[in-house]
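The form predicted on its own is given below as one chain in structure tokens.
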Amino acid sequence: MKKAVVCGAGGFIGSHLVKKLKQEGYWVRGVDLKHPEFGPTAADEFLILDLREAVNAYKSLTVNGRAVDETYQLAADMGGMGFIHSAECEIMHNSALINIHLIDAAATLGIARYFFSSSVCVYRDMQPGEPEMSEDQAIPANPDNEYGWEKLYAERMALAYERRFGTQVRIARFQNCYGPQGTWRGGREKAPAALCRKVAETGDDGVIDVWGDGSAVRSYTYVDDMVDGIFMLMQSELHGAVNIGCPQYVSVDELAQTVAKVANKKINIRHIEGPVGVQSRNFSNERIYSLGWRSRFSLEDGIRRTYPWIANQVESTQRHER
């Protein structure tokens, strides 16, 4: 039985990835500062460790004195657009420390495979309809935010350790990912969860606030598709960064209307000032397609699996507050 460690297993994608690895027959250790918020972990073992400290990075990757087979590094200080723009120093400081210590520990211990979760935030601002950008076109670099700069540095650091030590590194650049059991309030939630919450809190023909003019274009990947892509990439021989994402591009207003359709509500959108980020990111998924991966869930499919869960969270919270 292979042994794997998922760093960031208390988070949204990490907790889903633990379930995927268990389905594939792995023994799994989860590591994070916190347990999953919305249910028990599926991990065989869960350690509460601060991975900003080197000693904890080493501790997390060994079982009974022996290195595990695979490391999945998803631990980061991150959140939605509001958090990314308000916590630049925390993001660069905390995430850089985590990534520095984990790749050093994995390579030094001789771990066979190391997965790093990067982001499409490494790409520059684009206009809607521009030709899709390949992974190599992230350089020359011009990310829109410090979160993207830190991810790009961490990618290069992991590849440098691969060249020196031989640990096989796999890098995925994540698209916006959403689904049930993710952060849905508090400032760190991403756009799909935030809009699901706003629609759930609003009556029929109500008004919801959207940052900016609603024209910014994004694509959104359902979490089951994302973890399938992570696992497929980790088992492959694809070196270098690989985009993983759904090829369906929509504006923020279109995302809001999709949520309203699923909720069977009519909504009115009020555009307000707030951090928007880039106008668009259009990037190629051809590398992950070469492994046979395709996103199975359209945006509406994914929202139909996400909205009821968030609506239940909203209802439960309102009931307790009354």
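Computed from a predicted model, the values in this text were never measured in an experiment. Start at 1 and count along the sequence shown; that's the residue number.
Heads up, the form predicted in complex with a small molecule isn't pictured, but that's what we're talking about next.
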Are all three of 8, 51 and 74 close to the small molecule in the predicted bound form, meaning a heavy atom of each within 4.5 Å? yes
Is residue 21 part of the interface with the small molecule in the predicted bound form - any heavy atom within 4.5 Å? no
Mark residue 123 yes when one of its heavy atoms lies within 4.5 Å of a heavy atom of the small molecule in the predicted bound form, and no otherwise. no
In the predicted bound form, is there a heavy atom of the small molecule that lies within 4.5 Å of any heavy atom of residue 12, even though the partner is absent here? yes
Contact label in the predicted bound form: residue 272 to the small molecule, heavy atom within 4.5 Å: no
Note: exactly one of 199, 111, 152, 98 sits with a heavy atom within 4.5 Å of the small molecule in the predicted bound form, namely 98
Note: exactly one of 211, 174, 231, 249 sits with a heavy atom within 4.5 Å of the small molecule in the predicted bound form, namely 174
Here the chain appears without its partner; judged in the predicted bound form, the stretch of 154-162, 113-121, 231-239, 137-145 with heavy atoms within 4.5 Å of the small molecule is 113-121
